[in-house]
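One chain is shown next in structure tokens, namely the form predicted alone.
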């Protein structure tokens, strides 16, 4: 990468961080989307996900399973909003019954099929500025800092959550490696499912990692996947331990 281009990207990232700090102070008291789980909400600046903001998620590892978990994580967040959810995608691999199991019913979703990442980002921005949607979800492999900044501003303007699924273009790359104006960035990985007293497969579990957040520290948890109302759950054997602060994975 040429030195001038690298310097320009670093300057753009620093400017975004300064704006983030400014808006974090100005945004105190703004609506948020709590998970309803004290061990998560207490770690999030504001007590939950900022409702009018950009949030990113990616699968922790290469492969279908972690990417599907990240998809369901965003679907569960969208399910807890009110109104139609706009979902912009460039691949026809969404499984509507799976989204419904995470609380997002098919009749709530408006799909926008796009050919390129640039189209996904443009559709997201337009949907966010509309201001009447419950949430806007987009799937991209590349999102430049300038584009994520526009999405953040559009989310603030429309008062709508912007949820971005970062997909890998090639094995081994980190989808969250590029700088972003997102308020939170998450990595979702599959974990061994809940044990059952009989033969069978229990409720799926995830390694939920808050990789970065504006105005707060990163953290990790082991959580059970969402139910039909989009609610995550703390595994029952952990929930009843005496020291709740030790539940998070180091």
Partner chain sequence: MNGRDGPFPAPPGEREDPLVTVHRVGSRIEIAAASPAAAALGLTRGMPLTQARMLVPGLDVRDAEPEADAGLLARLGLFAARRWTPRAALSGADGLWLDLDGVAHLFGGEERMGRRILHFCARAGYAARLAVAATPGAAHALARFGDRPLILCPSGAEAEALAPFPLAALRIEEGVLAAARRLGLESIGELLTMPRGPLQRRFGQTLLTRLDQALGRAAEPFDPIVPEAPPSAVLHFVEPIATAEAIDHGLSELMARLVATLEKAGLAARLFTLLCSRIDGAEQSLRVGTARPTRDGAHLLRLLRMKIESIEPGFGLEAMRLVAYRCEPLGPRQLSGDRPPPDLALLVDRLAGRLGARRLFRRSAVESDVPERSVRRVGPLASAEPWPAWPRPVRLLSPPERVDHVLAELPDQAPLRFSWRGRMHRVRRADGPERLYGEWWRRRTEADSVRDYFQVEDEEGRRFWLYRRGDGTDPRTGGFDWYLHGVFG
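The model shown is predicted, which means the values in this text are computed figures rather than measured ones. Positions refer to the first chain, counted from 1.
Below: the form predicted in complex with its partner chain, not depicted.
Asks: Please tell me which of 176, 133, 147, 153 lies within 4.5 Å of its partner chain in the model of the complex, judged by heavy atoms.
Replies: It is 133 that has a heavy atom within 4.5 Å of the partner.
Asks: Would you kindly say which of 32, 211, 45, 191 lies with a heavy atom within 4.5 Å of its partner chain in the model of the complex?
Replies: For this set of options, the contacting one is 191.
Asks: Taking 4.5 angstroms as the cut-off for heavy atoms, does residue 110 touch its partner chain in the model of the complex?
Replies: Yes - in the model of the complex, heavy atoms of residue 110 and its partner chain come within 4.5 Å of each other.
Asks: Residue 160 near its partner chain in the model of the complex, any heavy atom under 4.5 Å?
Replies: No, residue 160 is distant from the partner.
Asks: Any of the heavy atoms of residue 89 lying within 4.5 Å of its partner chain in the model of the complex?
Replies: Flag for residue 89 set to yes.
Asks: Should residue 97 be counted as a contact of its partner chain in the model of the complex, where contact means heavy atoms within 4.5 Å?
Replies: Close contact exists here: in the model of the complex, residue 97 approaches its partner chain to within 4.5 Å, heavy atoms only.
Asks: Does the trio 65, 123 and 139 actually contact its partner chain in the model of the complex, every residue with a heavy atom within 4.5 Å?
Replies: The answer is yes; 65, 123 and 139 each reach its partner chain.
Asks: Would you give me the residues of 202-222 that have any heavy atom within 4.5 Å of its partner chain in the model of the complex, in order from first to last?
Replies: Sequence-ordered list: 204, 205, 206.
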